[in-house]
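Next comes just one chain, in structure tokens: the form predicted alone.
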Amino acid sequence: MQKILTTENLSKNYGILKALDKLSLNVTKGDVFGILGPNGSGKTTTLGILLGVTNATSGSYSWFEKGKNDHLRKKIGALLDKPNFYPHLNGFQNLALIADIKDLKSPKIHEKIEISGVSKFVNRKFGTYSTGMKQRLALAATLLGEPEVLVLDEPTNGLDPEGIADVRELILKIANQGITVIMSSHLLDEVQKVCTHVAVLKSGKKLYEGQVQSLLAGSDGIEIASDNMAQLEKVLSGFIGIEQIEKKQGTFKVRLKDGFKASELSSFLITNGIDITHFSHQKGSLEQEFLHLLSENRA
């Protein structure tokens, strides 16, 4: 697969503060790549460097395996700040103005309006738009130049649940057209629903990079309870297929080793005289793994 972006030991210092510390990433064509981390982790700093808004202190990066010149940046659509258009113009007029400023010969404005889902309100003045409408129009504007890559900084920030769902749907729609998406976010559930790959940052350092599904692999668990929790714990400790046991809120959460099935554990418990009152499969979440990574890397 074509490499869309590579960074090598990218660092950014503000005096004694290290905003970014030797960050190396690889994004390939077709990825929906999430840069995830708490406030102050270096997400926005990373995107600012990649888009030429700020300079790195050290390290390097390359777009499309060709470097970082202005010509290459024309292949990149970006949305870093809050949408800002002329409030007295309607959506279509704002898009037409942007296309004219960028000297786009064939901007296909109507096509971008349909893709971004702004057709219902494109003739209304921008000043009347809700936050979600503004975000959709901004995404339409980034698509005018037919970018190969879309870079988004916290695209659902400040949106209500309906707006978040709308933008999520739009990002997936854009990705399905073959556009590579690189986005920062602190909304773990949204990253899990949208992204194929993720990098987890903390205090400028990378804690993890890879497929979202790989990060979640093995995080599924089984919640078990019995009227006799002491006996249950003793019997559980004798099952060879258990990777981890955690006691939590009146239940045991069990993670199984690869190759072992929940049905095997259930049969083992019944055979050993356990009266099971609760047995539930729990799907792993990005939030659990994210918090686990942060706890493992406390300064």
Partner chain sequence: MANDVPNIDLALKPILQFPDVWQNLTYIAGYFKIILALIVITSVSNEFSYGTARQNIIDGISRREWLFSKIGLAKVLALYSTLLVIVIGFILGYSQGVQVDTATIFPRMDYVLAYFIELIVYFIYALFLALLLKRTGLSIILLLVYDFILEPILSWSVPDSISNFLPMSTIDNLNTFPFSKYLGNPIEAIVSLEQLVWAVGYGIAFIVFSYLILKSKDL
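These numbers come from a predicted model, not from an experiment. Rigid core: the largest C-alpha set superposing within 1.5 Å between the two forms. Positions refer to the first chain, counted from 1.
Although it is not shown, the form predicted in complex with the partner chain is what the next lines describe.
The candidate stretches are 247-255, 261-269, 63-71, 35-43, and the one lying within 4.5 Å of the partner chain in the predicted complex by heavy atoms is 63-71. Listed residues Ile115, Leu80, Ala225, Leu188 were compared with the partner chain in the predicted complex; Leu80 is the one with a heavy atom within 4.5 Å.
Of the candidates Leu207, Ala175, Met229, Ile98, Ile98 is the one whose heavy atoms come within 4.5 Å of the partner chain in the predicted complex; the others do not. Looking at Asn84, you'd find a heavy atom of it within 4.5 angstroms of the partner chain in the predicted complex. Put simply, His88 is close to the partner chain in the predicted complex: some heavy atom of it is within 4.5 Å. By the criterion of a heavy atom within 4.5 Å, Asn55 is counted among the residues contacting the partner chain in the predicted complex. Taking non-hydrogen atoms only, Lys102 approaches the partner chain to within 4.5 angstroms in the predicted complex. Contacts to the partner chain in the predicted complex (heavy atom within 4.5 Å) from stretch 121-149: none. Leu150 shows a C-alpha shift below 2 Å between the shown form and the other one [criterion: core-superposed Cα displacement of 2 Å]. Once both forms are overlaid on the rigid core, the distance between the two CA positions of Cys195 between the shown form and the other one is under 2 angstroms. Put the two forms on the same core and the Cα of Ser184 is off by less than 2 Å between the shown form and the other one.
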